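A lone chain, given as structure tokens: the form predicted alone.
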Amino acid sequence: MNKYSDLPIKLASSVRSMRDFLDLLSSHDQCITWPDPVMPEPDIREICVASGQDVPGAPAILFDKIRGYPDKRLVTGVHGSWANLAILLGHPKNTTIKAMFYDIISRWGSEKAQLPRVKPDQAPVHEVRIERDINLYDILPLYRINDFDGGYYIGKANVVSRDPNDPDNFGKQNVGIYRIQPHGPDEFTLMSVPIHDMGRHMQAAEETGKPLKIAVMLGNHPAMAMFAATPIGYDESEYSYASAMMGSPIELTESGNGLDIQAHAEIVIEAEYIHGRREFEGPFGEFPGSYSGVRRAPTFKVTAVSHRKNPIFENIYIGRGWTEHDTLIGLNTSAPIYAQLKKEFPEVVAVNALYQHGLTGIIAVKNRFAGFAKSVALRALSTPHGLMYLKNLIMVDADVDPFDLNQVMWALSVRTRASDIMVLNDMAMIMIDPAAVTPGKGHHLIIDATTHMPPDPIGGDVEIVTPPSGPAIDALAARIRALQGGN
């Protein structure tokens, strides 16, 4: 058992692959197979959007009757609801977001990674090997995720790359999620930015002329899909991090081009960076809910493909929220910001950076004196993720649950003055903020909604009503629900 639930945690930790997780979800009525034939467009998109309306409890959806792609299988929504994440973490389906946040925090910093090795000739991912006449359009049931995308997209791949200047350093081997657009049977572009580890690897390859080989893993262990997007240190392994966070092994093997890959991945595309080559990429419906522009992006040549028998292509719906992307990375965006702040400010209680990859965040802090919360906010803006993403930041007291927007709105309503608002203009910001005047630059907005403290004037009528709370109130609420159910 874990301290947050009555569900045996070993149930979740027994998952070795995405297939195992789909079976686990099915046993909790959280995975369905779509019964009817579908067109890749617009049917799959529309079903994903409809499913996304149920953020708390939407199931994963497996498609195995895709017109034009006979015998191909596709799954979406694997991380598309809080219920699915709760099951992955070993909780009941109705576990609160706040409880999952504190569970992830309690696992943070564990060094108990388990990464057993499987010989390549025994790894399920190499059951089928393609080294000639490679055609991604034949292998994958591709489609446009949003209707005005500039082409087909692979939106939920785990991409493995090594630092060209330190290729034997396991920690610097990066596993990240990047959007990929095929540009032909055996070529694709990969979009990254310089602050991403993948961006650093491509820049190093470009500057030195050294080769850069990558492995694009599809249909991954659900922990890798979830934790690969967490902004951890450059020399920290995402494999080790994901295994430690799950408290369970993630089996690795070797790809044909020498990279460490998941032994139970559904599909692995091996590719090599084409030096100096750029192709126009985009537009693409991104997580801010807008189409990114068209930009020239680095290009990769596919050299081989391995896959399991009857593989499942996992993709994601992303666009105007709320989407699977928000659920997938929300808690993992919040946790590292919390961990980094907590080292220097133990007064930080919780961080909610669920919204659009942290473009808006809420931090609960035990306020010490006037201006203290603003100082904590400024430190948050200098964390690796805060630097480019924390556009709007709301500071609340420790008695406000940052995951309860009703409480946050109350704090904004009654605990802010004009002097509590700070705007930092012309700061670094992600390229795809649709509100940006100049892509790559923007503002940081801080709203200090904490209680006013000396030496600031306190004001009148500041005594806060403290409603009764605790087990007695919880029991009464449960009785009311039971009485309601009896009606």
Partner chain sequence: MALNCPRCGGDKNRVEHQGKEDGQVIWTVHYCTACCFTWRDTEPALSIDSTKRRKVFQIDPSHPERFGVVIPPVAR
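Positions refer to the first chain, counted from 1. Here the structure is a predicted model, which is why all the values come from computation and not from measurement.
This next part talks about the form predicted in complex with the partner chain, which is not shown.
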(message) Is the partner chain in the model of the complex close enough to 247, 256 and 300 that every residue in that trio has a heavy atom within 4.5 angstroms of it?
(response) no
(request) Tell me, out of 170, 369, 410, 280, which residue has a non-hydrogen atom within 4.5 angstroms of the partner chain in the model of the complex. (result) 280
(request) With the partner chain left out of view, choose which of 462, 422, 39, 50 has a non-hydrogen atom within 4.5 angstroms of it in the model of the complex. (result) 39
(message) The chain here is shown without the partner chain. Which stretch in 161 to 169, 74 to 82, 399 to 407, 203 to 211 comes within 4.5 angstroms of it in the model of the complex, by heavy atom distance?
(response) 203 to 211
(request) Indicate whether the partner chain has at least one heavy atom within 4.5 Å of a heavy atom of residue 346 in the model of the complex. (result) no
(request) Tell me, yes or no, whether residue 312 is in contact with the partner chain in the model of the complex, where a contact means a heavy atom of each within 4.5 Å. (result) no
(message) Since only the chain is shown here, I'm wondering whether residue 183 would be in contact with the partner chain in the model of the complex (any heavy atom pair within 4.5 Å).
(response) yes
(request) Spell out, yes or no, whether the shortest heavy atom distance between residue 69 and the partner chain in the model of the complex is within 4.5 Å. (result) yes
(request) For the stretch 288 to 305, return the residues whose heavy atoms include at least one within 4.5 Å of the partner chain in the model of the complex, in the order they occur. (result) 291, 294, 295, 296, 297, 298
